[in-house]
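Next up: a single chain in structure tokens, the form predicted on its own.
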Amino acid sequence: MTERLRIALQKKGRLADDSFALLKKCGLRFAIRGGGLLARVKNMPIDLLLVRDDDIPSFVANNAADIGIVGENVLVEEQLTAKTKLDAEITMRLGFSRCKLSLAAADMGDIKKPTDLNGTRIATTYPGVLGKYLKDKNIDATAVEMKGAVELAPSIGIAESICDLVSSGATLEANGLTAFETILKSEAVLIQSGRDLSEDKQALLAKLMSRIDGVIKSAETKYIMLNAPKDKVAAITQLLPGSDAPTIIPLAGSDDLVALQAVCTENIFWETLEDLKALGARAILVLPIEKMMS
């Protein structure tokens, strides 16, 4: 009987939604029902363990899960605060659920830079990351650990500043706060312990990671098609961002024009299209790529 690969995932929230979407784009068929803690993939021997985000590193480290998808901020905090060394390391960066762990203080207050923190209190849900930052920067401040609503701390007198996750900055603005220092940039990461997997699980994990890599690359990649003058092909190719040698196809009934097709691994902006048109390109199409495997 084939062993089932166990993946620990956050059970709800933005990271959970993005993780489920990633796995479904990889071809995994599963359904998340209510408050269940286990979802079985129907077309591959994989089980999804749905848990709290801060439990994922320990699940991986203690062999309850083979791999996990978690925010890098959570992983780093757990590594810094665990009583023993946590056997869970980043295997792949996934590029979604990006955010920053930042220091912020009142717009009209006296704290404008890290050195202003000396002798003050900082409210945070990340005492491990904050503590390391303060030690590294030789700042004498007190971390006040909170479980939530950190942005309220300055207004109710619990602390003079905060250390919290920032994505759009709207929550800080709504509470009269301004971020003045980023201490950690975070994104979703795939983590694994250092122990060896069985041959079946290792083969399954390699297949899954290949699919994840393909999904990530396809999200950043576009397929471009256009018609162009033969004598401008070299110049046009130079404008195509991150492309390999394009495919050139003669156009029926024209000795001067060719069709050019290329896979571009970098963003194509409107300015790029305008530059292509200026070189004589026409009928320019930029298409998304759903799946990609190198």
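In this text, all values refer to a predicted model and were calculated from it rather than measured experimentally. We number the residues from 1 along the sequence you see.
The discussion below concerns the form predicted in complex with phosphoribosyl ATP (PRT), not included here.
Interface residue remark: residue 84 is not counted as part of the site for phosphoribosyl ATP (PRT) in the model of the complex, having no heavy atom within 4.5 Å. Shown alone here, residue 154 lies farther than 4.5 Å from phosphoribosyl ATP (PRT) in the model of the complex, counting heavy atoms only. Looking at residue 169, you'd find a heavy atom of it within 4.5 angstroms of phosphoribosyl ATP (PRT) in the model of the complex.
Interface residue remark: residue 10 is counted as part of the site for phosphoribosyl ATP (PRT) in the model of the complex, having a heavy atom within 4.5 Å. In terms of contact with phosphoribosyl ATP (PRT) in the model of the complex, the residue from 98, 113, 207, 195 that brings a heavy atom within 4.5 Å is 98. Heavy atoms within 4.5 Å of phosphoribosyl ATP (PRT) in the model of the complex map, among the stretches 128-136, 69-77, 208-216, 102-110, onto 69-77 alone.
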